[in-house]
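Only one chain is shown below, in structure tokens, and it's the form predicted on its own.
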């Protein structure tokens, strides 16, 4: 291992888009490393050549960078312990497998997939653990030669020692796997590809990883990894297995309840700060119970001891709430620039910033902008309820007066639009009408809707000529 500093890794398999659960693992590693002044490695575990795809690697890297998670070593930035794709490290694994063979800590296994499946089936029928039965463990050299003469290619299995396997998990405390619960496992496949366990340990050793922070679905892999560390004469890192993300029904997170990848949330208009914030809160309680936090605050406050082992339920309504809070915290010019990508039909409008400001209170995610901005477009066709506001005697008088005011009091900005509305309200409030009775006919006439952005913003964006023309058209339909 290199040095005594803290070093962590995030090691996704590029077989799909970055899942929120994986992003949470990356986040915990990043918060720990950055908070402790350590280093972080990004490693692509792409030994599954059939399912791995370079486009998924690119997508994972893009999504991590969008979230604001960075790394010190990786396939895109290089580093002293590369390469950082397992597909480029096969010779390393083969060398270690050969060493373990020569030291008697591993052995060739000639069992075919069909034979292994039959053994597994028989074990299950007899109520036994479906561990490898060790039939190739002590094969005579003559039998090995005979099998190879038949054309069988050997995999390499690790020879599991007797005795319990125990380690101290930083979250779960002491974890013990009793003797006999782990069977001899493959460290090199018959086609020359490495097994998961050997590749992971080899890379963690050679890259100097001091802390392995990963999901508890990997807890059962840890005894195998500890055995390989032991066989190689290396000290294992410290392990922490955090809880998994669950859906509201307590099951594994799935699309039945909504989006599950970072990319889907990115495209829907969630802010990276909000998504990071929410993922961190799933299992971690910041000091003082603070919920809305910026990334730099989380780095400063994060502590592994604050993690909970309890299952983490992904609450999409809570994420929406948190995203809305981060939208409010964001500097407005930056928000406007981000919003342009989600409202291409409006983004080139010279007063687009006013339109965004108009709907800010009702926007939870940027992807909602097109719907929220619809009132700025063509009026909807009126329904019976809306017609009552526009075509009644009172409504008509209000609209006629509004049309005159729009001509007499032309405005050039938001304050001017507010002044016009104030005068209009004053005229009719003196006649005993309520504010809603004055403004609703105007809103419906202008937009065809009873709800929408504040009227002052609508008028400021349209200007007096368009506003007057809209009222004129509404009045002509009521004749």
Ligand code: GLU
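Note that this is a predicted model, so its numbers are computed, not measured. Residue numbers count along the first chain shown, from 1.
The protein also exists as the form predicted together with ligand GLU; that form is not presented, and the subsequent description refers to it.
Visitor: Taking the partner as it appears in the predicted bound form, which of 213-221, 343-351, 356-364, 394-402 has residues with heavy atoms within 4.5 Å of ligand GLU?
Guide: Within 4.5 Å of the partner lies stretch 213-221.
Visitor: Go through 18, 11, 468, 455 and name the one with a heavy atom inside 4.5 Å of ligand GLU in the predicted bound form.
Guide: Filtering the options by heavy-atom distance leaves 11.
Visitor: Please tell me which of 262, 106, 200, 274 lies within 4.5 Å of ligand GLU in the predicted bound form, judged by heavy atoms.
Guide: Among 262, 106, 200, 274, a heavy atom within 4.5 Å of ligand GLU in the predicted bound form occurs only for 200.
Visitor: Going by a heavy atom distance of 4.5 Å, is residue 57 a contact of ligand GLU in the predicted bound form?
Guide: No, residue 57 sits far enough from ligand GLU in the predicted bound form that none of its heavy atoms falls within 4.5 Å.
Visitor: I'd like to know whether residue 63 contacts ligand GLU in the predicted bound form, with contact meaning heavy atoms within 4.5 angstroms.
Guide: Residue 63: no contact with ligand GLU in the predicted bound form.
Visitor: Can residue 84 be called a contact residue for ligand GLU in the predicted bound form at 4.5 Å between heavy atoms?
Guide: Taking the distances in the predicted bound form, the answer for residue 84 is no, it never comes within 4.5 Å of ligand GLU.
Visitor: Heavy atom to heavy atom, is residue 132 within 4.5 Å of ligand GLU in the predicted bound form?
Guide: Contact check for residue 132: no, nothing within 4.5 Å of ligand GLU in the predicted bound form.
Visitor: In sequence order, which positions of 31-53 have a non-hydrogen atom within 4.5 Å of ligand GLU in the predicted bound form?
Guide: Sequence-ordered list has one entry, 45.
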